[in-house]
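Just the one chain here, the form predicted alone, laid out as structure tokens.
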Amino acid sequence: MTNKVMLTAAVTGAGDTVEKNPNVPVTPKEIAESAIESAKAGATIAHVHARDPKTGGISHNIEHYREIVDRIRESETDVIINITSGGGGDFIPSLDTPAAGGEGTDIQTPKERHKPVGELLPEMCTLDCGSTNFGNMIYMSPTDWLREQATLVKQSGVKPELECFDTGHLRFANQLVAEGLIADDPMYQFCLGIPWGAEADVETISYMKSRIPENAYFSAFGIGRMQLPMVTQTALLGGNVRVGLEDNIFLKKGVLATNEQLVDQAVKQLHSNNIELMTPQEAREQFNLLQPNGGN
């Protein structure tokens, strides 16, 4: 093996995938167990959102996050925990109430979005670096809000993964770095193929990689049918990788996946290209992450 990468399992997300694939974990217990099983299959990192156990929809309840994190930490399986800090950013346009948004609008302040990260102190968290058209929804993350959130993350000691859905997000992520709001060597994540963000292809990864600082690390992923092809392409370009039911619910056309199956397939693809997986502890040491007990 000539190279090592981190593999993230994004195990649940917050989208309307629960009714489309019964393997999408919903309760804190299910989410934690799926994270643990993904780690056993080879994942370095478990990226988690919380869902309402009754509805399957998004949850901002800190106790749901706490149960997920506690269950993972109390298990005998080591995995880096990466909590979303995207929180409530969904604005649903409505001609009836254009200023307030329509049904389903869910906006949290920077402090509210940061709360699970600040209280539970995972090793990592995501930081969405801009607003975007997400289908017919607008994900809202204004620049001054992001500066506040980045400051809170830096103060917590948690490593932010700077999520860029388009090239403008990349420019602002670079600005956060330039302003000293990101500690240590920055870590970027290129989120590709989302309608209507940047395309999921090698040219996009190559361009975005060329625009990050020299001391930066990056990962990239594609959604839907582009998830598994992007694993190999990203790793060959020197990036870390991500799979999971947050971004794709199929193992292949017509075959519903589990998180463990997607991780297993990614591991096979990486090994076939002489690329090995970092262990969680190797990643903590290389990227100066918090230790599971909250220390460096």
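Residue numbers here begin at 1 and follow the sequence given. Predicted, not measured: the structure shown is a model, and the values here were computed from it.
FYI, the form predicted together with another copy of the chain isn't displayed, but the following is about it.
- Screening 143-151, 116-124, 181-189, 75-83 for residues having heavy atoms within 4.5 Å of another copy of the chain in the predicted bound form returns a single hit, 143-151.
- The contact residue chosen from V158, A220, A198, L162 relative to another copy of the chain in the predicted bound form is A198, the criterion being a non-hydrogen atom within 4.5 angstroms.
- Interface residue remark: A216 is not counted as part of the site for another copy of the chain in the predicted bound form, having no heavy atom within 4.5 Å.
- Proximity of P229 to another copy of the chain in the predicted bound form: non-hydrogen atoms within 4.5 Å are present.
- Contact annotation: K252 falls within 4.5 Å of another copy of the chain in the predicted bound form, judged by heavy atom distances.
- Under a 4.5 angstroms non-hydrogen atom cutoff, another copy of the chain in the predicted bound form has K268 among its neighbouring residues.
- Looking at 201-219, the residues that come within 4.5 Å of another copy of the chain in the predicted bound form, counting any heavy atom, are D201, V202, E203, T204, S206, Y207, R211, E214.
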